[in-house]
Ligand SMILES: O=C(O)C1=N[C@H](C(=O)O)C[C@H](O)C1
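Here we start with a single chain on its own, the form predicted alone, put down as structure tokens.
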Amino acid sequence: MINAAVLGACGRMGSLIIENITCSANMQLVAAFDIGNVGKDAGEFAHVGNLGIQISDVKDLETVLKKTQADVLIDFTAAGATVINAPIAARCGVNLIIGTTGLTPEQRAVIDGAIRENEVRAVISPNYSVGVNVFFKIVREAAKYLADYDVEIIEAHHNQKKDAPSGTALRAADVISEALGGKEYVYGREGIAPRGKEIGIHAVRGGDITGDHTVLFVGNSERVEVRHMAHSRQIFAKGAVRAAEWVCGQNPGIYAMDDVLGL
């Protein structure tokens, strides 16, 4: 049985992840952390009844991880928190599932360094949906055949999402750029200037949109659109739990969701 801990346990993603852990035959919740609601039962926020696991203050992360003998910590919080908490978990020998987006290259370097130094296992991905990772594979292949087409990426999310463009949009751009041998990115468009061969990335924020991503390959007289629409955050939570079950059986190192899915 895998002992799992969750950061941001009272949030939208954290509570869904806890709900999915309770449905797993291979995993049990041993710790839950947040900056508020300390002392309350984690099951209250996941709507799964009393679990007997109290919300711990994130300040006590190291102590609680060691006490509960957690095998894996799932983190879908914020970049500023993840860059502090992931190295703490790694030093405790705890494996990591990181779904936090908006990490800077410097923050990612700190996290990667801690994972490698402490020889733990981690999956780091901007999106844990099975469908989105197939979407990445499709756009990679499409880019190879449509290399001379203009590429535009449009993403839309709810009005509470803090980072823009989304990590998924940036990953899609990276996948396409890699397939095409390297491309510059332009974020939004304004002013008077001809279009070059860059990849355009556009962010929309409004209402309660879970997550839409569209890649347009635009040529003369035709265009190809590849689109993924998330209807519920459950797809991300299910994927995170799947990744947590998988990573505990791997060699130390840093993996992506396409490794988990065999893509």
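Note that this is a predicted model, so its numbers are computed, not measured. We number the residues from 1 along the sequence you see.
Although not depicted, the form predicted together with this ligand is the subject of the following passage.
Placing this ligand onto this chain after superposition of the site C-alphas, with its pose taken in the model of the complex, gives no ligand atom within 2.4 angstroms of any backbone or C-beta atom; the site is classed as open.
Candidate site formed by Asn3, Glu62 and Lys67: none of these residues places a non-hydrogen atom within 4.5 angstroms of this ligand in the model of the complex. In the model of the complex, no heavy atom of Pro87 sits within 4.5 Å of this ligand. Taking non-hydrogen atoms only, Arg108 never approaches this ligand to within 4.5 angstroms in the model of the complex. Within this chain, Ser166 lines the site of this ligand in the model of the complex, having a heavy atom no more than 4.5 Å away.
Taking non-hydrogen atoms only, Thr210 approaches this ligand to within 4.5 angstroms in the model of the complex. When this ligand is considered in the model of the complex, only one residue from Arg189, Arg91, His158, Arg116 comes within 4.5 Å through any heavy atom, namely His158.
Only one segment in the set 108-116, 143-151, 126-134, 173-181 has residues whose heavy atoms sit within 4.5 Å of this ligand in the model of the complex; it is 126-134. Using a 4.5 Å cut-off on any heavy atom, the one residue of 82-112 that reaches this ligand in the model of the complex is Thr101.
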